[in-house]
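Read on for two forms of one protein chain; each stands alone as structure tokens, with the labels structure 1 and structure 2.
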Structure 1
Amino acid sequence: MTDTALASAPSADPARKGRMIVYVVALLIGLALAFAPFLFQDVRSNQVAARICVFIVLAASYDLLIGYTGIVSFAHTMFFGLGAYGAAIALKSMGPGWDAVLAGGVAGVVLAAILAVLIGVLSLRVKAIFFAMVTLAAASVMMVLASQFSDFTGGEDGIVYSAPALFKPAMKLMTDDAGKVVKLFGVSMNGKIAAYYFVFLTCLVLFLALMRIVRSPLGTVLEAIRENEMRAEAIGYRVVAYRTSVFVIAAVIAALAGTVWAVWLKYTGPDTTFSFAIMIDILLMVVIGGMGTMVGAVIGVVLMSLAQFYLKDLMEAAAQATANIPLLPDLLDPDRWLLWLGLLFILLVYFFPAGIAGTLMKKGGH
């Protein structure tokens, strides 16, 4: 019975296998992040792991927009930045404490939500493509404001502050009888560990919340709208209202990710939050990973983060090897890694618009 069913549908098999691969990879990434402080015991790796956690949330919330709703926004880093600056300004002015994180985070999130409603209502009713332009304009204005109102934001230099006491490296989470920090598998149970798990757990919760949203009835409606806007409208879905609410949800989650990022980094500046380069990173992560899959975001973020380190090394070597040829070393300069990534991106959008996860999961499908 089972055999014949499988034999009669040979196309389902690679698709199922592809889905398995994707989920296993995502699970492995999740496990690696969960035990990152124990697996990779140096400061830099810890930093990379925390960045990956935050960017997974950021990219997944962006996927909610671009992949599930089919709207392209360039304001995602603006919301991310609002959450980060909210926490940063509060931590700077109120001193390191959870009250500051809460107050700043809430302020940032509320502001992000208000702006999202405003932008959504103003431009989502006209045309999706308008929306892309409006968000781009809004994001760049926010960036300029952040650098000009330097009394608040520290301008181009950004803000340096302290995190709550729990996260200070001197904090002892577990002590032995002698009052010294306990080491588990060679890792000191100090504030750094607490900070990492604060990042990991909040990001995990946010990511699971996003997974829940796309599996909910709302997710189904969104896909209906993306597939056929006019028909969805005819069936009676209020397309603009749905789109705006998704835009707000994505903005709020991005702002929360920003708050977490600010607490971890203990520094907030235009380059770590608002910059257009980060926006492009997120876009590349989601498209490379696979739009409309959520797990694709996980894979995209990890790949991009690794590429940022290893591709550069590779190019460094290639640039030195071709040092005598004109122009080529310039193009192979590690700073030009985006050039190659951009080309890769174009080819990907042409030939594999579903991205890595999407292509694997749909392989052999209809």
Structure 2
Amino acid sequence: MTDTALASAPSADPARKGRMIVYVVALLIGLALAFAPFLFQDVRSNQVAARICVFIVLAASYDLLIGYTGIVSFAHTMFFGLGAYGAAIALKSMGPGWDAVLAGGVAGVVLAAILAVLIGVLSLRVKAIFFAMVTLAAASVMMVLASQFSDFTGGEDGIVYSAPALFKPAMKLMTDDAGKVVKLFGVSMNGKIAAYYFVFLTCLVLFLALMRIVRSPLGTVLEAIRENEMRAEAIGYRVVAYRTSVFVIAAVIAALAGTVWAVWLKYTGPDTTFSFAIMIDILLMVVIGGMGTMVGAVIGVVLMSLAQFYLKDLMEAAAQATANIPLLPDLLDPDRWLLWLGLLFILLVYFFPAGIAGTLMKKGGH
């Protein structure tokens, strides 16, 4: 090939570079989560890491609805809560055994699937805004029921229970000749490690299942329905059946995530599962990461979680560092963290209109 031909050869596809960046970032996040107990050894960091694992699955399952199928639902936390309450009630009444986790988790998943079928069949034929309102009403009703039926749900106080014995801090997973707990890289091999890796591995399996769904022929049909529902119907696809099916799949995944969250947290209440604030968080996570990308959920959840848990600490440090500069300490007051979070969100939307992953993966594409 001549020098002229080399000079005129097209440059590498920017969209391909963007996809590479997104997948590398997602892989690095996955590795950080895989080794989180060893990299971040304080209790708060482990709690944040476990929350990120669970919310990645929750946000990814919501992306299956809104990003891949174009279904706007405000009932996703309802399914999440059903899975959590199913496990919580079973662990409270049956005791901290795996039979309770299995029974409660199955009960929550089955109830979530039934409600998803009912909502889907009755409401997915209507326009998007009316379906969104139906799901919002259903989620509100479920939150009221969780608060009112205190004999079963603990009411506003929620339910406190014990996890299986394997996850108790006193459990010794590895011991030396003297019977003491073995430490690996300074971390005790006890029940806390088992609990974290139960969360991480379960969430990894659920996320990979979602990735498999969107890369299957079903995922292609869902994208076709999202782009042009009437055309998909015209070429023979039963749109309502497909939309109902994906609504049920997303509900089941959300319920399973709720079960995992309940086992980790050892507390379940309306504010930790059914809260509308959680629904808004999930929506923001998907939008920030990029709708219709799946890996965008990983990036969105990490950014939102780090901002929610560490932005106040960062602002406090910045306020102390700029104490002698006029106005800056007041602007950086930790109580104003929501203001800065809002500004950060506006900047992200401005510079990444399709979300971080979405913009990078489509950059340069046509």
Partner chain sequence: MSKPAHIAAMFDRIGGVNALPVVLMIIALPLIGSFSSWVTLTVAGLAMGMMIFLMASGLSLVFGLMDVLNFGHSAFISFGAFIAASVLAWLAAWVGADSLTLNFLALFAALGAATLFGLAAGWFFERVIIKPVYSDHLRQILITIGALIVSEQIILAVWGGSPIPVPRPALLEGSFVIGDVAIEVYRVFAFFLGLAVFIALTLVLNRTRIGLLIRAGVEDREMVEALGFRIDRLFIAVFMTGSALAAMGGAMWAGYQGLISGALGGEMMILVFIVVIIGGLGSIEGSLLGALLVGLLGNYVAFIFPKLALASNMILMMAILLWRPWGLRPAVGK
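The model shown is predicted, which means the values in this text are computed figures rather than measured ones. Structure 1's sequence is the ruler for residue numbers, which start at 1. Note that the rigid core is defined as the largest set of C-alphas that superpose within 1.5 Å between two forms.
Matching the description of the form predicted in complex with its partner chain is structure 1; structure 2 comes from elsewhere.
Remark: with the core as the superposition reference, the CA shift of residue 303 between structures 1 and 2 stays below 2 Å. With the core held fixed, residue 21 shows a CA shift below 2 Å between structures 1 and 2. With the core held fixed, residue 52 shows a CA shift below 2 Å between structures 1 and 2. Structural comparison between structures 1 and 2 after rigid-core fitting shows the C-alpha of residue 353 displaced 4.0 Å. Core superposition gives residue 330 a CA displacement of 10.8 Å between structures 1 and 2.
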